[in-house]
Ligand code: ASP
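As a starting point, one isolated chain is supplied in structure tokens, in the form predicted on its own.
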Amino acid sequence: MIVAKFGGTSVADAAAISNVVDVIVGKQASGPVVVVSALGGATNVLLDLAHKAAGGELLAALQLVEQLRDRHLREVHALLAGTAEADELALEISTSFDELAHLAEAFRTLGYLTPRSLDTVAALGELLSSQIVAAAFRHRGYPAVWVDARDVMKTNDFFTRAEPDVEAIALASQEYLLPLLQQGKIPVMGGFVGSAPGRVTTTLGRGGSDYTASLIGAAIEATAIEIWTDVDGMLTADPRVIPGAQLIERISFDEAAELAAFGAKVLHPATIAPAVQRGIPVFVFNSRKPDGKGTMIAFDAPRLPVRAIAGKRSTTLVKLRSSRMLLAPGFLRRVFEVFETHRTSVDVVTTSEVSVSVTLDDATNLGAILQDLAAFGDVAVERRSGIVAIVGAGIADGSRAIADAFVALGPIPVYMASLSATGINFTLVIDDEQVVPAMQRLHAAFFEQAS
């Protein structure tokens, strides 16, 4: 059994969806479960119309509803060519958008959005795209069955960033997915979407379709998890920044997880964890080039000083200085409890005898965090910071990689530097506007000169 996840660009329109069918047909003997994202860009539009409606822009919101309705119906008719199933599915889709229009009117009346209501709206993209993809399989004569992700992906009720209930997902997979696979069917479900107790709709957060695929793969003990996207695999850098970025054919779980967490867009950072726990290899392929080599993510990979360069912009640097920190047991624990209280993750951490500095991706709760940190000492904030990560399993193995990195950066100032405990990620905090030139300098030093 395998799990194959297709991103938004891979199901963007009828032609792309037909390509998905072609890819999976060649894997039918492997027992595939297909996980799909919303049609490319649909989730952004759904969230936009919800916010517009709550902000009083009901007409603009309803126009977006109609645009999405037309887009989905257009792809249905292009795929199913006027069949009876096309009419039935079109009716279901149109009904869903009628309900969405009513929700928009309710948001306008209330004047605000709750996280629960946002999840209800955001989930629609995957719920509809997965039905369309399943119908496309059947139209081509293949035994696909649509599975409502809310029946399988069981979560808590932390709306917009729900946390999965792994045991409940395993039980639900045995109930809904394994029987279909045993019958030779092809289960098709949306990623990103789940349900809390009471079958209340939740989402796993942006990029959660990858996470869904990994969780399902672990639940059914798949032999492989495939992530189909619009790039050739994992590369030595973001190709939008480094056009000459090179394909990485094999990479370790740890390296891939670090790259995902520090800016690599191919994978959601949480994707790797369930696969690592079960030892399931993850493959990244380009859905537009299905015969390509792609990238294999596994436990073992050639040990290199530098595997890839990643960068992340628009991070926030928080600095705390306190003389009370000196030789004070438990001081850092109390400091980090502040971030836990406000459900804010910390990325890079450096400390001295009387100070600690951290970077944050999400500054939503920054005001409350700063207020609580002020009780410990003097707090300073730099809002326009950036991060560059140099990732390689052998970076700390006595190579010159770290020294070479500083040489390559030249005049670019570095404000924080941190070598991970695992010794595979050397992270540098720099000015936001220097992230791109820093990545270009580092990639040239470690990859282009050697090639």
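Note that the structure is predicted; figures quoted are calculated from it, not measured. Note that residue numbering follows the sequence shown and begins at 1.
Quick note: we don't show the form predicted in complex with ligand ASP, though the next part is all about it.
Among the residues 342, 116, 206, 319, the one placing a heavy atom within 4.5 Å of ligand ASP in the predicted bound form is 206. A single residue from the set 49, 33, 38, 390 has any heavy atom within 4.5 angstroms of ligand ASP in the predicted bound form; that residue is 38. A residue is said to contact a partner when one of its heavy atoms sits within 4.5 Å of a partner heavy atom; residue 126 meets this definition for ligand ASP in the predicted bound form.
When ligand ASP is considered in the predicted bound form, residue 425 lies well away from it, no heavy atom lying within 4.5 Å.
Although the partner is absent here, residue 43 lies within 4.5 Å of ligand ASP in the predicted bound form, judged by heavy atoms. Only one of 331 to 339, 207 to 215, 365 to 373, 167 to 175 lies within 4.5 Å of ligand ASP in the predicted bound form by heavy atoms, and it is 207 to 215. Taking ligand ASP as it sits in the predicted bound form, the stretch 164 to 195 comes within 4.5 angstroms of it through a non-hydrogen atom at just one residue, 192.
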